[in-house]
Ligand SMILES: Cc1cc2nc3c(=O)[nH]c(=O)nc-3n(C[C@H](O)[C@H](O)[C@H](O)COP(=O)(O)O)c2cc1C
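This document opens with one chain alone, in structure tokens, the form predicted alone.
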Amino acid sequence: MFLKGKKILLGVTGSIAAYKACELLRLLQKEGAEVRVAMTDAATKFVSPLTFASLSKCPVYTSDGNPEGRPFQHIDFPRWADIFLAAPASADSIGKMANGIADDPVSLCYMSSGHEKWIAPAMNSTMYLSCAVQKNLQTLRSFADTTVLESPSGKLACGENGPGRFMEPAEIVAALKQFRSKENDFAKSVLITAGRTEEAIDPVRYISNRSSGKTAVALAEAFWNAGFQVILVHGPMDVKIPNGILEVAVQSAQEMYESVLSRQAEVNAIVHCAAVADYRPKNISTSKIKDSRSQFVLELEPNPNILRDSVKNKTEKQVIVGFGLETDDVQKHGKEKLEKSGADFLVLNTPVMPNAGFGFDQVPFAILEQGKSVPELTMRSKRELAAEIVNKVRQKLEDLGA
């Protein structure tokens, strides 16, 4: 989900990990969320309410606050929030939330919240693995509105190693961002090609390229966060595919061609981000070609053009985005490729700038549109590129009435 503009109520309970809730609050704010805090009495022994009040710029809900001035905080705080997040959640607070006990600010807010609820446990391994805590966690997982985050294994504050560790704040934020609620579902689908293809010469050698798949994975994550169903048809890659993405693994350009064309009718948009080999060996040796140190001639034949054939098969309300990598006369060749392909958009990029392109997190790019002038290439992150493509595809789909 997008956290920008979200209102998050952070429930802090009695755990040594309470100090990490300060970092969590700042990371949520960095994502554009507004955060308020509720604390149990035990939590205030680890971190003062003043600290959270200063960071959130809002009074903290505690049991020893001013009940006469704000008698309905246990209703007002959760009603204000879009998300309730108990982090860290102690064994005591987990037991209360699982069994309907509401006698402190955090358990009261959990009980009164009518929105998404997230629990991040933190405790000693023995406590975490106890029958009582495991039963309470299972009870919370059975609630339709509650997500329990996994508690990773590692070194604990007591010096022991094992499960029960508080999930790192950055990982909690990533989990929130990856989650898609029903209200965020855009009911649209996109197919993205990713990675590189490998064209076999013999059983051990092949023709390929340096594409890492980073841009395509950034695109998949951005479309997923925007509410799209995402199909990732990918060749070999160097990056991990995010959870929730439907992946279809292929090896050669021909396999990618068949996979994309067979699924085209199922999706609203196709983004051709893979670095597909233009040519393949005409004849593949069934055994390893011996090293004779003599001249070797490899005859090639063209691969099918996935972009052009998908454009030929596109429906009136379908959007197609191509990618073009050029090393010279970049804008001229990019415009020619857009016109020749017939795609709605062409992402023009070049790997010739230092510290950009293959394997890096930034790339110089411009997004070309049919009937418009070619803009200058600008150096930006691949995540920024992905966000811009998502916005253009969504707008185009809306214009088409899809």
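We number the residues from 1 along the sequence you see. This one's a predicted model, so the numbers in the text were calculated from it and none came from an experiment. Superpose the two forms; the largest set of C-alphas matching within 1.5 Å is the rigid core.
Note that the form predicted together with this ligand isn't included here; everything after this is about it.
With a 4.5 Å cutoff on heavy atoms, residue 96 counts as touching this ligand in the predicted bound form.
The closest heavy atom approach of residue 75 to this ligand in the predicted bound form falls outside 4.5 Å. Using a 4.5 angstroms threshold between heavy atoms, residue 241 stays clear of this ligand in the predicted bound form. For the chain shown alone, residue 16 is a contact residue for this ligand in the predicted bound form, at least one non-hydrogen atom being within 4.5 angstroms. Of the candidate stretches 26 to 34, 368 to 376, 337 to 345, 40 to 48, only 40 to 48 has residues whose heavy atoms lie within 4.5 Å of this ligand in the predicted bound form. With the partner omitted from this view, the residue of 267, 222, 91, 321 that lies near this ligand in the predicted bound form is 91 [heavy atom within 4.5 Å]. Checked against this ligand in the predicted bound form, the candidates 119, 123, 109, 271 yield a single residue with a heavy atom inside 4.5 Å, and that residue is 123. If you fit the rigid core between the shown form and the other one, you'll see the Cα of residue 387 move by less than 2 angstroms. The Cα shift for residue 128 between the shown form and the other one, taken after rigid core superposition, is 2 angstroms or larger. The rigid-core alignment places the CA of residue 38 2 Å or more apart between the shown form and the other one.
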